[in-house]
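Take a look at this single chain in structure tokens; it is the form predicted alone.
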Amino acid sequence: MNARVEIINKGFFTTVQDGGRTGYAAMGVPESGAMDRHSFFQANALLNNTKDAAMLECTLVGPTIKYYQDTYFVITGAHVKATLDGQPVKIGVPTLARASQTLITSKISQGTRCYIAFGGGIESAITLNSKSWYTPITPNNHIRNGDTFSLGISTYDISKGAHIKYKYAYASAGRVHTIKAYKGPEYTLLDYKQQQLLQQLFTVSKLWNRMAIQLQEPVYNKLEGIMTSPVIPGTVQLTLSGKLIVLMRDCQTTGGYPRILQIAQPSIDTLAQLQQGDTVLLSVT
């Protein structure tokens, strides 16, 4: 019998995500998948899961989970206070939960999202070759109290002893996060003054979610919209009002704003851990 876990408390916004749903852009279906893929892949590697095994992505406040069979799990990504039947759980260290034990995670700090992976991965429904939740093609976009999940067969070997010592690079108190970006298809339409303005510090606005992050400081703009064209996670659009919008994992597949930059993959992971008030510097090459 496969292991099973139950969600006792869903936390703030917890979803099931895997490596993403690629190959369906022509149908208008976003890639989805884990926002911080570096932390996602780390978790699966630590448990010897398949690379894209599904897990929980937790935003701002983590969930409470009850285990019904002995199960190895690991938490990666941003820091979160976690206890297993009252005993502290180390982030980045695979841990064995015994049947009937309860994992409690609380407010997430030094970042926005943490990942809870289980040995064998979550065996949820597959839609268009992915287990990632994204409405309207999946029934829900976040877990609910009382949800239960079956787990795959774990191949984790405790003797491996692999773990991660976190230093938490996401700590945001006064830090400027450098975001590496490439010139997008419409970058050359910008005049010299606009290109220089991209070198200013930008602040993450209150408008951020799995679909996009809007930066607060405007860039004056006289460009008109473009013919609707493909966009992907990491594309930076310049709106008619001069706002920069960085598209994230659940973004649409086409758009009509000039695509002035394309964020590098590692920097998308960094952006996934930022929130309102954090400061970024765009390093354009």
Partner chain sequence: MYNFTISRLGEYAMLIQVAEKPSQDLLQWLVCKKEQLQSLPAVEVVFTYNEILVKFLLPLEGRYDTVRASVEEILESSIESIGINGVLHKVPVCYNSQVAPDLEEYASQVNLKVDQVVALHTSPVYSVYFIGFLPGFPYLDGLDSKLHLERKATPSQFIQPGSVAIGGAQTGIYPQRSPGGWHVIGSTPVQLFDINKNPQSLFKAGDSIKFYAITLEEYKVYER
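Residue numbers count along the first chain shown, from 1. Note that this is a predicted model, so its numbers are computed, not measured.
Form predicted together with its partner chain: not shown, discussed below.
With the partner left out here, check for me: in the predicted bound form, does some heavy atom of Thr270 sit within 4.5 Å of its partner chain?
Heavy-atom contact with its partner chain at 4.5 Å: absent for Thr270.
Can you check whether Gln276 is within 4.5 Å of its partner chain in the predicted bound form, heavy atom basis?
Output for Gln276 is no: heavy atoms all beyond 4.5 Å of its partner chain.
For Glu186, is any heavy atom within 4.5 Å of its partner chain in the predicted bound form, or not?
Judged by the heavy-atom cut-off of 4.5 Å, Glu186 is in contact with its partner chain in the predicted bound form.
Hey, in the predicted bound form, does Tyr134 get a heavy atom within 4.5 angstroms of its partner chain?
Heavy-atom contact with its partner chain at 4.5 Å: present for Tyr134.
Just one of Asn48, Gln42, Thr64, Ser229 has a heavy atom within 4.5 Å of its partner chain in the predicted bound form. Which one?
Selected residue: Ser229.
Proximity to its partner chain in the predicted bound form, single hit among Leu84, Met211, Val93, Leu96 (heavy atom within 4.5 Å):
Only one listed residue qualifies here, and that residue is Met211.
Would all three of Met27, Thr253 and Tyr257 be in contact with its partner chain in the predicted bound form, where contact means some heavy atom lies within 4.5 Å?
Spot residues vs its partner chain: full contact, yes.
Based on heavy atom distances of at most 4.5 Å to its partner chain in the predicted bound form, which listed stretch, 67-75, 141-149, 203-211, 96-104, is the contact stretch?
Among the candidates, contact is made by 203-211.
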